[in-house]
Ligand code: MLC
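First comes one chain, alone, set out as structure tokens in the form predicted alone.
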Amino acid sequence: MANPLFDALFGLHSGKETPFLHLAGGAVITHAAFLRQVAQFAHVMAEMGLVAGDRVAVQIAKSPEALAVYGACVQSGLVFLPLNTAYTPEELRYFVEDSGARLFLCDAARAEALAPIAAGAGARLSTLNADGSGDFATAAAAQPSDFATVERSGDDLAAFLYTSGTTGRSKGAMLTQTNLLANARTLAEVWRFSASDVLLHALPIFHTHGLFVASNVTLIAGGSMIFLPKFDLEEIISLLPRATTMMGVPTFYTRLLSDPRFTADLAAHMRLFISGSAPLLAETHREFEARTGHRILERYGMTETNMNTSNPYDGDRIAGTVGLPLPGVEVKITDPATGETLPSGEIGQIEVRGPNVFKGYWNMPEKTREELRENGFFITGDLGRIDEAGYIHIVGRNKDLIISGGYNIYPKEIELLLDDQPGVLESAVIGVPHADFGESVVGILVAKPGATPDLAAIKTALSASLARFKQPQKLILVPDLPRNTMGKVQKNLLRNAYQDILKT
């Protein structure tokens, strides 16, 4: 039975002393050295008593060691749960408790604050820092550098990623070995990745894009990555000549275009630029091509499905579209009310089916039934149409999800906090256009009769409970919120009214 995901991503590299990770300071980690550390980490987890199927929650900085934790989970048959490094302890509590994590890895600087959360959830707390230190790494140093890979099947869980709608609790999307493996194989093939590719990797690895797209595709192809902690314009421009490919969110490309040093000559050797996680403006697409001669390849995916579509490697990469369905993936447009398939060209909800589609939501059978049909089609919540050439155009969302810099933001979470602030009667949170991040958060508040909410104090209060990327850029007081005849707040009217608010 073996372990399909580990065998495909890691198993072929155990003896390869070829570069895998190029670090900013010039150090190089080979495939073989990386696999030795993966094995040592797997031994530590085994000594902690973790067994196949147990969940491992991690909130640690991006580093080679952090990526090795993922590899160790795959080799051990454990379920990997990466968590945004910006989450506050208040936000983390739910994820650790709901997942039933047996191990919670964090930065040593946060251990004291997070210890009660781990204890309350019955999880063991261990530390791993950005520089590779921490008690987890110390324990691993004395371990053997080979590990007997735990047998798993394609249907076994490999990862949890938490997502949500605009209401209700966050949902743990259960991703199987087959989900991750099928997508990695497909993407490596359609994007022509090989062992000679060097991917410029400045994405976070707590997110589908940086982990299950960028890292898995590189691993399955046997290539290497210039592995940067974050996007830094100076470093990107300096290191670009050493890369062949780059994956990024639209923000990466707008920042490159803002620098006159980013020229056609600097990008001439590059094979491919890929963009995702948020819509790429057609204007950015055209400006990038005019500057460099490269057409950015835009694709479309989500937490529950990994990647669904892609503009072609060969052929027209059409600005404003997310391309064609990937091989093995079916995409259809349906009527949100009836679920019936709509004719070509009509706008409706996007549904997808394929080996990439997740198994369901952890401990949420009713929510799974609502969004994952018995026939295997997943209702994405996005609205779109398919044109006569088969290209998919995303025109909006039938949920009020905000995507800022590639990160999902759920208005209800912020509204609950705003509604609890002194002097606030009710609130509505919307996403408005932002030149750099695609969208940013704006909070619309209605005051209680006779009250005048202190907006500065409210912003300060939110900063203690919300990651920075979720915090409203602006708070606006209004007399009342627009509602329809059923009493539902009409956020579309608010978005229209304040679409230019961050431009002033």
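Position 1 is the first residue in the sequence shown; the rest follow in order. This structure is a prediction, so every number in the text was calculated from the model and none was measured.
Same protein, other form: the form predicted in complex with malonyl-coenzyme A, not shown, and the subject of what follows.
**Q** Please identify, from 465 to 473, 65 to 73, 22 to 30, 48 to 56, the stretch that has a heavy atom within 4.5 Å of malonyl-coenzyme A in the predicted bound form.
**A** Among the candidates, contact is made by 465 to 473.
**Q** Against malonyl-coenzyme A in the predicted bound form, would Leu128 count as a contact residue? Criterion: heavy atoms within 4.5 Å.
**A** Leu128: no, not in contact with malonyl-coenzyme A in the predicted bound form.
**Q** Quick check on Gly405: any heavy atom within 4.5 Å of malonyl-coenzyme A in the predicted bound form?
**A** Within the cut-off, so yes.
**Q** Examine Tyr87 and determine whether its closest non-hydrogen atom to malonyl-coenzyme A in the predicted bound form is within 4.5 angstroms.
**A** Outside the cut-off, so no.
**Q** Check whether Asn183 has any heavy atom within 4.5 Å of a heavy atom of malonyl-coenzyme A in the predicted bound form, and answer yes or no.
**A** Answer no; every heavy atom of Asn183 is more than 4.5 Å from malonyl-coenzyme A in the predicted bound form.
**Q** By the heavy atom within 4.5 Å rule, which residue out of Arg295, Arg93, His207, Arg353 makes contact with malonyl-coenzyme A in the predicted bound form?
**A** By the 4.5 Å criterion, the partner-contacting residue is His207.
**Q** So malonyl-coenzyme A isn't shown here. In the predicted bound form, which residue out of Val331, Met307, Ile274, Leu157 has a non-hydrogen atom within 4.5 Å of it?
**A** Residue within 4.5 Å of the partner: Met307.
**Q** Is malonyl-coenzyme A in the predicted bound form near all of Ile414, Lys459 and Lys491, within 4.5 Å of a heavy atom of each?
**A** Checking in the predicted bound form: none of Ile414, Lys459 and Lys491 is within 4.5 Å of malonyl-coenzyme A.
**Q** Given a 4.5 Å distance limit between heavy atoms, list every residue of 333 to 349 close to malonyl-coenzyme A in the predicted bound form, or none if there are none.
**A** Stretch hits: zero.
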